[in-house]
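Subsequent text provides structure tokens for two forms of one protein chain, presented individually as structure 1 and structure 2.
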Structure 1
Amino acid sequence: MKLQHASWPEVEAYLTRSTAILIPIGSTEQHGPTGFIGTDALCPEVLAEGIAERSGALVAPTLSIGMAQHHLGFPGSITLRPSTLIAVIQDVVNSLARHGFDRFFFLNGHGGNIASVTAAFSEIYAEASLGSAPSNRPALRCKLHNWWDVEGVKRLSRELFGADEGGHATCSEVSLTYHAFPEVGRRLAAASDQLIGERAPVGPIRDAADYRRRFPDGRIGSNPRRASAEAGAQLYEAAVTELTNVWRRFAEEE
């Protein structure tokens, strides 16, 4: 069930069964000429819906703008400062905690979020430790899990794409979006002539101008010409199957 599709009495009833909530978090940033700008938000959102179908989890609205300053050299990319993202996560968690939620599973689609989300968890725990948390706030547990880190996804990525997987605009994430949104995927895949070379270069990530100079079409180390909706279907099934188990363990642990 999606939180935004529920009424408040339905949420109140859910809280009698579970105090855990699933929060997709991603980014709005370029993914090369053949990838969705919303890739990093769409992937965890689609997978969260699959987890909810199998487990009955309640899914919060996707936090779709993340820490992506290095992508601002490409039109359409949007970023939050790390400090802003930390504050947003704190406010989301504290809002939900006021109603009795105490377990927050952030399903992440963007590597650039990891440091800020982890810092936000530390701030949330510090509120309790220092006595500044709201008096009605329960003891909280927060977990961050990157969707691409489950063993089934890593295995499939190696088998299907090998070294062409890359680090940004990866074959796996592009395939997953092509599976979830096939019509748009076909349109974007047709732009493969705009990719510069085969496998993209690799290198450090700094500011937006440096990124655009190092990675002129937006990719890092990947060759998303190999992405396909068929591969995305396999990755979806592997991810949802394992992530449902990870979610259940977190939601039910003592």
Structure 2
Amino acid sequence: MKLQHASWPEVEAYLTRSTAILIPIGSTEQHGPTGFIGTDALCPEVLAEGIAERSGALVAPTLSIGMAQHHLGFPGSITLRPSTLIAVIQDVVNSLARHGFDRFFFLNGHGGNIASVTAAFSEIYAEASLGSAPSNRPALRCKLHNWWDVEGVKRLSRELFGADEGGHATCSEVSLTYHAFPEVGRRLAAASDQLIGERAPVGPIRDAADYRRRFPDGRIGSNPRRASAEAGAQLYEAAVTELTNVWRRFAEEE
């Protein structure tokens, strides 16, 4: 069930069954010349929908804008500063905790979010540890899980793309969006021959100017010419299957 498509009495009823909620979190940032700017938000969003269909999970609206300062050299990229993202996650968790939610499963689509979201969890836990949390806030469990960090997905990525998978604008994430939005995917993929050459270089990530210099078209280590909607369909199936289990274990653990 999508939280946005529920009424409050429906959420009230859900809370009698479960106090866990699934929150897709992504980013709005360049994904190379043929990738969706929304890739990192769209992937966890469509996967969360799949998980919800199979498990009945309640899905919060996607946090579409993440920590992407290093991509600001490419038009369309948007970042929250880490300090802003921490405040957002604090507010989201504290709001939902007022209703009795105490298990927060952030399904993540962007490596650049990991540090800030993990820091946000500590900031939230620190409220309890330092004694400044709302007095009636329950003990909370926050979990960040990258959608690609399940065995089946990693195996499939290796099989399908090998060394062309890369680190940013990966074949897997590009494929997943091509599968989920086939029409847009065809439009973007059409520019592949013209815009994508070799596998992209790899290197460290620093500020936006440095990033643009090192990775002139935005990709890191990938060759998304090998991406396809068909591969995306396989990845979708593998990811939803396994992530549904991860979600269930988290939602139901003691």
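Residues that one form lacks are left out of the comparison. Remember, it's a predicted structure, so these values are computed and weren't measured experimentally. In this text, rigid core is short for the largest set of C-alphas that superpose within 1.5 Å between two forms. For residue numbers, the reference is structure 1: its sequence is counted from 1.
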Checklist entry - Just one question: which structure is the form predicted together with another copy of the chain? => result 2
Item to check | Mobile segments between structure 1 and structure 2 - rigid core superposition, Cα shift of 2 Å or more, 3+ residues | outcome: 193-197
